[in-house]
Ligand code: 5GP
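As structure tokens, one chain now follows by itself in the form predicted alone.
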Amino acid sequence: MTPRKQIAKTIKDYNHFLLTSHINPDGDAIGSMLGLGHLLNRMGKTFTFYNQSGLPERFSWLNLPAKMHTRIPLQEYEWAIILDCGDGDRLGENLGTFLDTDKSINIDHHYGNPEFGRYNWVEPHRSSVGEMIALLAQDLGMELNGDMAKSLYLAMVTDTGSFSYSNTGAETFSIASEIIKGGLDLDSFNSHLYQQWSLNKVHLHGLAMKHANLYCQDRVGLIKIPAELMQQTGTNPEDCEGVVNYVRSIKGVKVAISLREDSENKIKMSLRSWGEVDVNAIAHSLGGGGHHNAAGGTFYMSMQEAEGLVLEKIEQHLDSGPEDRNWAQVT
């Protein structure tokens, strides 16, 4: 029995679940959690949501089928389903000792997932875990409509860069088509998802972009967000979401980097790329990870040290890997 079939059978056979995902959840983590929650609701199952970081404000317009707990819930569960988490450590320090690995299901699409559950459905070619939950819903005879479909569409659209990344496959569009046929109001959805900016966030992005730079023969774009810039604009780390895509859009840039200062000597790195440049490999060499065209990691050093380290690694990658040969042929 494949992991996908085993998970579908487990959901049919059991009644009490814990649903969780990685800390600082993105659209795929939240969308797949909520989508699966709505699915379990339809089946008459009981479940508890847990995420150490809680629900990001930018997704507060979604309808939650249950409360999102930020403290370890005391309720007993039969199975924990862990979504969009490339490594068990990314669940946060509070959940690690609470989870029973033998009662854990791991559904993920990150390269290098160590398969830390009893059942592990890991498919790195998938656009998102939301896409995988949509397939699971179809396996269980559920139509892709209502709040479940809206949540899964969020997961797919955010993790594919609005269906622009190379992880967007034919099946991704097929599922999106089913969701739209099921009645998703795209105008309402897009206004909720994209019209969330405050004026402070606009100022933050503008000031950060003012100091963006190009490196490695203009193939690499870098943007830095020091803590003092967030203080100056009255913003927070959530407002930095997506800033890396600006430098990714510069003509000739193959790799885009954003470095955000979370606290003294703690720097959050985001990497984006086009085409064949594998930023997952670059991030992995720096202790992080992710996907082929979107990855990240954390440095415990100064902004200046982090900048020097990541630029050195990327330059080595571009100048020695097959991505550089492909780039040279194109140009």
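Residue positions are given as counts along the sequence shown, with the first one as 1. Note that the structure is predicted; figures quoted are calculated from it, not measured.
Beyond the structure shown, there is the form predicted together with the named molecule, which is absent from this document and is the topic of what follows.
Undergrad: Using a 4.5 Å heavy atom cut-off, state whether H69 contacts the named molecule in the predicted complex.
TA: Output for H69 is no: heavy atoms all beyond 4.5 Å of the named molecule.
Undergrad: Does the 4.5 Å heavy atom contact test between H110 and the named molecule in the predicted complex come out positive?
TA: So H110 counts as contacting the named molecule.
Undergrad: Can D26 be called a contact residue for the named molecule in the predicted complex at 4.5 Å between heavy atoms?
TA: Residue-level check for D26: yes, a contact with the named molecule.
Undergrad: Can you tell me whether G297 touches the named molecule? I mean in the predicted complex, with a 4.5 angstroms heavy atom cut-off.
TA: Answer yes; at least one heavy atom of G297 falls within 4.5 Å of the named molecule in the predicted complex.
Undergrad: Considering R118, R90, H205, H192, which brings a non-hydrogen atom within 4.5 Å of the named molecule in the predicted complex?
TA: The option sitting close enough to the partner is R90.
Undergrad: Of S270, S273, T48, N51, which one comes within 4.5 Å of the named molecule in the predicted complex, counting heavy atoms only?
TA: That would be S270.
Undergrad: Thinking of the named molecule in the predicted complex, which stretch from 38-46, 286-294, 60-68, 301-309 has heavy atoms inside 4.5 Å of it?
TA: So the stretch in question is 286-294.
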